[in-house]
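Presented as structure tokens, the chain that follows is alone, the form predicted on its own.
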């Protein structure tokens, strides 16, 4: 068995959204804690892709930002190559260089005052990968070509490019530090459908050429099916199912996963009305007791409303957190 490149163990992230202390005292209000992540566990093998899917507000982007070092987790552990990730510390330059992130919005992730060459070349200088300006310019030109752009584009500014071209620039910038692990947070959701395929194929080619490992986040199950080797399904801060892509799309286990897949349009369901997900995602400020999905689940019973299910291993690999599966009711 290949040792995992990235390990996440019991990761949680809480936000204190309480009103000011004086207001709480005068109005006798308790503290309010938002649980964005609650006990998330997974591993990613080298040169593999874990896809994360779930409705808005389930904690996908919070997880990505924790792994990228943009915010610290409240508890739990993150490991890269078997060692704890500490991207905030300059004493761990290996992980800081090896872990990079591609953001959702290519319009906001690039500095409008910097040329493309400055944006892509800055990591080269920051990590000492280019010893001179001339060497930096040569490497920037290579990165732009690898991302499907022209070397002359380095002299331009972000506003001179389309959305798809800007995302290619963001990809080139992420590759500049020669990473091994890329966190892709909805990298194609802000792009036109005609451009999405080109960017996804670019990322597949770069993964093959550079031996990259991806955490790929998306709302789009079709994109996840195209990109991922394993798929994790998140709901209200919990990872409710984790399976190989081939198993999950053929035989999903968790009721939430089944409902998500049933809502994907396909030729098999042409002319048939799809059943939308009923109800709303509960507020993470006041999550339901027991299983977080039980208010919307057609298979919930008293135990589901009372006791939170723990992830249980599946025979073919992966895990699922569902009392109905554990009890054989589903």
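Note that this is a predicted model, so its numbers are computed, not measured. Numbering follows the first chain given and starts at 1.
Unshown form predicted together with a small molecule; subsequent notes refer to it.
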Is the small molecule in the predicted bound form near all of 239, 243 and 318, within 4.5 Å of a heavy atom of each? no
Residue-level contact is defined here as any heavy atom of the residue lying within 4.5 Å of the small molecule in the predicted bound form; does residue 61 satisfy this criterion? yes
Mark residue 45 yes when one of its heavy atoms lies within 4.5 Å of a heavy atom of the small molecule in the predicted bound form, and no otherwise. no
Looking at the partner-bound form in the predicted bound form, is residue 105 within 4.5 Å of the small molecule by any heavy atom? no
Taking 4.5 angstroms as the cut-off for heavy atoms, does residue 56 touch the small molecule in the predicted bound form? yes
If the cut-off is 4.5 angstroms on heavy atoms, which of these, 36, 40, 50, 67, is the one near the small molecule in the predicted bound form? 36
Interface residue in the predicted bound form among 186, 86, 122, 229, criterion: non-hydrogen atom within 4.5 angstroms of the small molecule: 186
